[in-house]
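Just one chain is shown here, as C-alpha cells, and it is the form predicted on its own.
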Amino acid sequence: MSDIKTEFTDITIVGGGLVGLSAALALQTSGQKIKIIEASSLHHPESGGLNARSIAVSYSSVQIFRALGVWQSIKKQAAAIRNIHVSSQGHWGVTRLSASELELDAMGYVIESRLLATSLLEKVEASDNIELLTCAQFESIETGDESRVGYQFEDQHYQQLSSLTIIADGANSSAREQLGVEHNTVDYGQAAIITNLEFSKPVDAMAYERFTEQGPLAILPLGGKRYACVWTRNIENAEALMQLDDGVFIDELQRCFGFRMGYIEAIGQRFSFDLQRVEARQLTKGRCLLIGNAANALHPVAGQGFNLALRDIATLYDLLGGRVLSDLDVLAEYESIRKAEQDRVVRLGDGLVGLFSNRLPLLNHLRAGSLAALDLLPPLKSQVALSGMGMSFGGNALLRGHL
C-alpha cells in the first residue's frame, strides 16, 4: 500500500449528489475552500423523456437556488406547480391550493433530476473555491480538534483534514456509521412505484395528491403531456403491480386516479423501492454535521426530503456568516435550530401516512371532512400551503432569495 497523503481544506463534503453540490455552492460564498469527495463519476448518462427521474422543488428551494445564482438555469427546464388538487379516493371532500391566492407565480416546480444536477455541477465546476473530486472512495472518518476523512483516489490513499466535515452520502451513510451516530428506522410496510405518464387531456401547471387506503398517489407536471407519478402501495400490492404489463398497469392506475386528465396514453419505465424513514439521533458530532438523507430520509408523502435538506444548508450558511469554523458553538446552535423543524416535518409526514393509510370507517369520514373543511377556511389553507412550501419555519438570507 502506498503512503497516505495528507491535505487540508476548510470544509470537506462527503457526497456529491444534489445535496452535497448545493451545500458547496452556498458555503463557498464566504470564501471558504471546499472539497467534495464523491464515489461516482457524476457524468453517467441518464434517460430523458418518459424514463427520466424527477424531483419537486418547493418555493423555499426556489428562493435558495435564486440566491445561489442557479435558478434561471434551472427554471428554463422546470415545470411550474401553480395549483394542487388534494382528494381521498372513494370519499367526498377535496382541497384546492392555488399560487394565485398566495400572490405567487408558482408554489413549486418539477424538474428532471439529471437536469438539476447538471445546472448545479456547472456552477460548482466554475467556482475557484470548490474542488470536486469524483470516483473517490470514502474509507474512514474521525473527529477531534479537526475532522479527518480518509479516501482512496487512483490507487493513492489520502487523509483530508478540515475544520468542518459535512456528511451528505445518503440514507445508508457509511460516514454516519463510522462516526458512531445511531439512527432510528421506521418501516412503513409500503413501497413507492415511480414512473412517468402522458395524459390525453393535461391540465397546465396542476399537481394532484390523491390519498388511498394503501398510501398516497402523486401526479406532478413535467411539461406538456408528461407527468411524474409516485404511487404508494403496500409492499405485496406494489410487487404485484410491478409484474403487470404496461396496459394492465395503466388500467389499475387509471382506476385509482380517475379521468381528471383524460386517459393515460403512454407510460415510461417503472421503478419501485420500499419506504422507510431513517432518522439520525443527532445531527452533529465533533466537527462533523449530517444533512440530507444522512440526517433524515423521509416518506415521500409531503415531498419534503430534498427541500428540507436545502433549508438545512440555508441555516448553516446563516450561522457561519462572520464566525470561525473552529467555533463548536456553531454546530450546537445548528442542531438546536434544525432539530425543531425536522421533528415537525417528520411528525407531519407520519401523521399523513397514518391518517390516510387506514381502513377504519370512522377515519374515512374524518379524512373527507378534513379536506372539505380545509377548502372552506382560507387562512388555514394558506398556512398549510406555506408549510408545504417550506416558508413557515422562520427566515434567513437564502430564503429571501439573496446572499
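Numbering starts at 1 and runs along the sequence shown. Since the structure is predicted, the reported quantities are computational estimates derived from the model, not experimental observations.
Just so you know, the form predicted in complex with a small molecule exists too; it's not on screen, but the next bit is about it.
Between 48 to 56, 64 to 72, 26 to 34, 336 to 344, the stretch whose residues reach within 4.5 angstroms of the small molecule in the predicted bound form through a non-hydrogen atom is 48 to 56. Within this chain, residue 170 lines the site of the small molecule in the predicted bound form, having a heavy atom no more than 4.5 Å away. Contact annotation for residue 208: none of its heavy atoms lies within 4.5 Å of the small molecule in the predicted bound form. Although the partner is absent here, residue 11 is not a contact residue: none of its heavy atoms lies within 4.5 angstroms of the small molecule in the predicted bound form. Residue contact check for residue 268: none of its heavy atoms lie within 4.5 Å of the small molecule in the predicted bound form. Checking 293, 190, 162, 195 against the small molecule in the predicted bound form, a heavy atom within 4.5 Å turns up for just one residue: 293. Shown without its partner, this chain lists 304, 88, 284, 147 as candidates; in the predicted bound form, only 304 has a non-hydrogen atom within 4.5 angstroms of the small molecule.
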